[in-house]
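Here you get one chain, nothing else, as structure tokens; it is the form predicted alone.
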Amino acid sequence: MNRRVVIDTDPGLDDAVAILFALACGRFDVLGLTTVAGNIGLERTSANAGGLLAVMERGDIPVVSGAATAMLRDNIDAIVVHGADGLRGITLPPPLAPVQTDAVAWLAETLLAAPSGSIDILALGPLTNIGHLVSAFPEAAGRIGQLIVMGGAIAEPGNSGPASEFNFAADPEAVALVLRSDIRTTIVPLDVTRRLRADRAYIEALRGSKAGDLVADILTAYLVDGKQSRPLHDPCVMLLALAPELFEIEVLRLSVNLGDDPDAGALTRTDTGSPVAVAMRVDAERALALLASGFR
């Protein structure tokens, strides 16, 4: 059976690749896209999510907008990487259906209506929506099958502060709430995501299908030096959901930096930290092959 999932997201170039893979590969039953401010503001992340569904002719999947701001902090963004539109000028069609509102209430209703443990959440952006779910609807949050999160850095340098990763730096309080909860959570940090990059030959080989053509355009816009892409952060979440055997998982006790310094959101190993499953290594060659197979 296909995995029943909700994708919580802030598209974003690499988010777009991850979403298109989930829609095209035939191995996920995507119940909805919940959106959050992150790489760019909420209005644009929601429009991009709807546009991706329109490309794939999936007007049956709702887009539900969520948190426009972090729980307790001013927003940060990644416009320098993704552009003001989140997709560096790649044009998507308009959404096929209006964007719904109140992602947290929608998540709670969806989880409570389904058998406990039957829905997974694939979190590609800041954890603000999930943090609010834990706080406002703990019973519903407890029914999540598993939560797979792109975020954090363990031994790798950060990409927001010296040791902090962008998604976790965007809302450290939400991260702390989620990691302290009873949700079965696996995080995919920079230690893994930086191992997956696409070169031009890989990108061009994706062409030949509707999703593959768009992903090739997206990854071309995501190239750093014209030769190799930035890390494929968010697709790693989908790949871990489908093929956990490609990853080495360790359980680490982690605490979240809740200060106001440049490393807000950074993770540290402490004896009193929350035990969290963390993907620490990946078979990058096989992971890239699995990703490409989803667009054929």
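Please read these numbers as outputs of a predicted model, since none were measured by experiment. Position 1 is the first residue in the sequence shown; the rest follow in order.
The same protein has a further form, the form predicted in complex with a small molecule, not shown here; the description that follows concerns it.
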Exercise. Using a 4.5 Å cut on heavy atoms, which of 159, 75, 181, 146 is close to the small molecule in the predicted bound form?
Worked result: 159
Problem set entry | 140, 90, 190, 99 - the one with a heavy atom within 4.5 Å of the small molecule in the predicted bound form | 190
Exercise. Among 100-108, 114-122, 132-140, 161-169, which stretch has residues with heavy atoms no more than 4.5 Å from the small molecule in the predicted bound form?
Worked result: 161-169
For this session: Indicate whether residue 39 is a 4.5 Å heavy atom neighbour of the small molecule in the predicted bound form.
Result: yes
Exercise. Just to confirm, residue 150 within 4.5 Å of the small molecule in the predicted bound form by heavy atoms?
Worked result: yes
